[in-house]
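Taking the form predicted alone, here's one chain by itself in structure tokens.
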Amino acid sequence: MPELPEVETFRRIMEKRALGRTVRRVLVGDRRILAGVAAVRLSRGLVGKRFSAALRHGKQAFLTVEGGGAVGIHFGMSGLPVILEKGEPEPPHSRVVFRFTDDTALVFRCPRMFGKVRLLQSANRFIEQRGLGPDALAADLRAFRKAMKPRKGAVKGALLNQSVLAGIGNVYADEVLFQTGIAPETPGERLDAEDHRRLHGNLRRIFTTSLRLETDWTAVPKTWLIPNRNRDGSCPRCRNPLRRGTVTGRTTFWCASCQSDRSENLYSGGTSR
């Protein structure tokens, strides 16, 4: 599923290519992609108007509408924005197409249908109603510590909890814990101020690096966990086999040698491969 860096990359595409153009027509290829709005109402709310800004909070993207309101886009597991130039055909799995008066278009392509498109009063109101925590990339150290400090469950669970920090998914949670040397099931209350400082710093560095590489996971440093995150993977530091198990309901990879567990019998349910 797209995590914060991927959604930020999508936001930048929409910001560069979809703003300032007047919507001529809205085509809904599959009504199941809509949440809380009918296709007719979506069209009536957008035709003749322009998108004025592209925003993001965590994994949620928003296109604000000139004169008020916003389109909310959740990309799900396989969604992405596609920009069509004049005369270009719509790609397969085009779920919503925003046709502009200059004959270009913004397409929400979503093969697996886990994404959603909404018509909102405002992005901020949606964020508040959903109870989303601070954006994981925008949060400074103070906000990060405030969000993480009271957490008593597994630290990985806190990182994945969108009401704590918005934008971190399974892959990047494993990565930041690996680079910080903290095991995923470490209880949150056992982390101190220095742990929070290092987690925050590594998270920002990982996200900014991923954005610089345009979220190409094949291009990330070989010292990262991501290239080795598979059943037969080994730790890029100590070369020991990575452990694989389930933490807070998610498949998790970690190095038992390089990541401190800080508690007894922490991995009784995990597997070595």
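Start at 1 with the first residue shown and count on from there. The structure displayed is predicted, hence computed values, not measured ones.
Same protein, other form: the form predicted together with the DNA, not shown, and the subject of what follows.
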note = The stretch from 112-120, 99-107, 176-184, 191-199 that lies within 4.5 Å of the DNA in the predicted bound form, judged by heavy atoms, is 112-120
message = Whether residue 248 contacts the DNA in the predicted bound form should be assessed with a 4.5 Å heavy atom distance threshold; does it?
response = yes
Any non-hydrogen atom of residue 56 within 4.5 angstroms of the DNA in the predicted bound form = no
task = Verify the contact flag for residue 124: yes if a non-hydrogen atom of it lies within 4.5 Å of a non-hydrogen atom of the DNA in the predicted bound form, no if not.
result = no
task = Although the DNA is absent from this view, report whether residue 94 comes within 4.5 Å of it in the predicted bound form, heavy atoms only.
result = no
note = in the predicted bound form, the residue from 237, 204, 244, 49 with a non-hydrogen atom within 4.5 Å of the DNA is 244
key: Candidate spot 74, 77 and 152, all three touching the DNA in the predicted bound form (heavy atom, 4.5 Å)   = yes
query = What residues in 1-36 sit within 4.5 Å of the DNA in the predicted bound form, counting heavy atoms only?
reply = 1, 3, 32
